[in-house]
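Consider the single chain below, provided in structure tokens and representing the form predicted alone.
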């Protein structure tokens, strides 16, 4: 049985810190993020220089990927104008998560060590990364919502004081019902916090669990299942990147004012 097994340590939930810069600890996941940034810069330069009027196969692949992401956004927003506006953000999130989820599967990359510690750790396997990404996305969405609705209308979605006053002017019964709406509106604040927790934990838990299962299966069936499980991890990594990006796009659409054209289409 030992001939068919490979022993590997199961990574913990805590991030792996490699060194400090100016008093700030640098984790293995952070090193991987910088590697991803470098890869994106190199990729952008290659794409920029390789595009031609008569497209190459590489250019066709990039254009196909771009059109696929636009079509996915159109399904969520049902508004091509909005899709074009948020594509740079949603597209960047999707591509970043896709590369972050899959780069850790590159053979040998996870074996590189520094001072006895793994140099490159999958960013989405570190809860700090997924939480920061989710928190940043929800903060930006709420800033956009304030810009769309105005600060008073935005706060009015959570604190429906005006509606309570107007309801009590009509009758005590309507005023009592409006107090329930006031309480429900305040619960929406908890809902915004829940979005951050939901987005971050969903992504982190799926990717961390994938790492654990890969280590277990490769340890028990090192020469039988690696190919199958690598394929499954690629699928899960791409799926989780798409789910995160689609959810952020959906939250964005819920936070903005509906366009008049979109309202008319919905009513029809």
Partner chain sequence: MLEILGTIGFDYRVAIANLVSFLIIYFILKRYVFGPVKKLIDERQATIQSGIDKAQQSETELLVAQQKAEEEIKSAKAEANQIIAEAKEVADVQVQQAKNNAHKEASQILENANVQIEKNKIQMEQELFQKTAHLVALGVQKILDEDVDQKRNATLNERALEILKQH
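Numbering follows the first chain given and starts at 1. These numbers were taken from a predicted model, which means no experiment stands behind them.
Not on display, but discussed next: the form predicted together with its partner chain.
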**Among the candidates 89, 109, 177, 146, the residue which, in the predicted complex, approaches its partner chain to within 4.5 Å (heavy atoms)** = 89
**Request:** Counting non-hydrogen atoms within 4.5 angstroms of its partner chain in the predicted complex, say which of 154, 127, 114, 168 makes the cut.
**Result:** 127
**Prompt:** Does residue 238 reach its partner chain in the predicted complex, with heavy atoms at most 4.5 Å apart?
**Reply:** no
**Non-hydrogen atom contact residue 19 with its partner chain in the predicted complex at 4.5 angstroms** = no
**Asked** Could you tell me if residue 30 has a non-hydrogen atom within 4.5 Å of its partner chain in the predicted complex?
**Response** yes
**Asked** Within a 4.5 Å heavy atom cut-off, is residue 132 in contact with its partner chain in the predicted complex?
**Response** yes
**Message:** Tell me which stretch of 169-177, 191-199, 101-109, 154-162 has a heavy atom within 4.5 angstroms of its partner chain in the predicted complex.
**Reply:** 191-199
**Item:** Within 4.5 Å of its partner chain in the predicted complex: residues from 41-58 (heavy atom criterion)
**Value:** 41, 43, 44, 47, 48, 51, 52, 53, 55
